[in-house]
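Consider the single chain below, provided in structure tokens and representing the form predicted on its own.
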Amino acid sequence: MSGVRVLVGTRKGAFILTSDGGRKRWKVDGPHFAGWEIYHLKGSPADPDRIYASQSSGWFGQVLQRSNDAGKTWAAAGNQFQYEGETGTHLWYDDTPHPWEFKRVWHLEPSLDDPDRVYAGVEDAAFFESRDGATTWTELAGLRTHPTASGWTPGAGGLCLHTIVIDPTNPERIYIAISAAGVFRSEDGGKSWRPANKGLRSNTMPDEDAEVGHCVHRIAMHPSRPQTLFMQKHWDVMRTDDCADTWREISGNLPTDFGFVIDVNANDPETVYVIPITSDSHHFVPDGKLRVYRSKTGGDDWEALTNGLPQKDCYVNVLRDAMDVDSLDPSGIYFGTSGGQVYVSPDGGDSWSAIVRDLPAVLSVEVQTLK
């Protein structure tokens, strides 16, 4: 019987939520790594039992974990992330030079067809690869040594490579997003990169045609239409239909175009979801109402989805890795909040319910569809 496994990373541990295809009754397992910040959990598309986890703490630093049995047991993976060659500097918040320093792994992206191959996006922004199940890591230094890299500056959360998207029709084509440098695209599996930010506009940047420097929060792709990507930027919701050669704004009738998450319905590449946040200085939902917005027209117009979500005195945030979709029919939509709730809509957003309500603040939500 089909089902889903929802991998939830929180500020104080990881949780695994499982259900059958009905997605009404849930088993909650955890916390795994209790007390640790779990920045990201991600399952392998090539092996449903393989899960990777990024955990960190102020005392013990960065640790990666791997499970080969769907989270029943875990073993420490490789944790040596060394920048290749001379590290040089990037710009700090005050535009002074600052040395590149490894701080944490923000995002893990397993290969689509090889469970032992996995990519890592880290802070300070760099792109790493493992071909032995996260036992050893190698920096693909073409990104960090890009000619523009010395001018990259951190966003409010740091200079983090937080999103990795692999083209399922061409695994050598990889997109990444860095806060606050922008989107980059590789055509050779991560060896070399070019900026892919044409059409983006940022009020803090005097040069409207700047090649880099845009604070991108998240990008998403539907596997059936890899030339089309959707973006939630620091401000603005954007779309490209030419593999990120150019972007256009699709914020339309959203109540605010600031937010962190964006995702695409698994069964319709033109159905897109965002969760607007009040502003960059007020990281909570507008008007005390938790509303997911859906566009069934690829961003031309948006509708508020509220059935089952709190519409009074709600002031939670939803972070950039805290939304995902399953590939059942109808597609299930999931997101987690800073208040510790994880919500599911098993009908594409029409109605919502809380799987759990009292977890630590949610940092990431990833879904595995089980056949």
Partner chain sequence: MIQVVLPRNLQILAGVGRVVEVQVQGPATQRSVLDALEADHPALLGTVRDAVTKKRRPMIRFFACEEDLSNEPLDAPLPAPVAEGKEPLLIIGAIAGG
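Positions refer to the first chain, counted from 1. Please read these numbers as outputs of a predicted model, since none were measured by experiment.
Another form exists, predicted together with its partner chain; not displayed. Remarks below refer to it.
Worksheet entry | Listed range touching its partner chain, judged in the predicted bound form by heavy atoms within 4.5 Å, from 297 to 305, 76 to 84, 181 to 189, 117 to 125 | Heavy-atom contact with the partner occurs in 76 to 84.
Worksheet item: Does the 4.5 Å heavy atom contact test between W36 and its partner chain in the predicted bound form come out positive?
Response: Yes - in the predicted bound form, heavy atoms of W36 and its partner chain come within 4.5 Å of each other.
Worksheet item: Does its partner chain get within 4.5 angstroms of any non-hydrogen atom of V63 in the predicted bound form?
Response: Residue-level check for V63: yes, a contact with its partner chain.
Item to complete: State yes or no: in the predicted bound form, is some non-hydrogen atom of Q55 no more than 4.5 angstroms from a non-hydrogen atom of its partner chain?
Response: Q55 belongs to the contact set for its partner chain.
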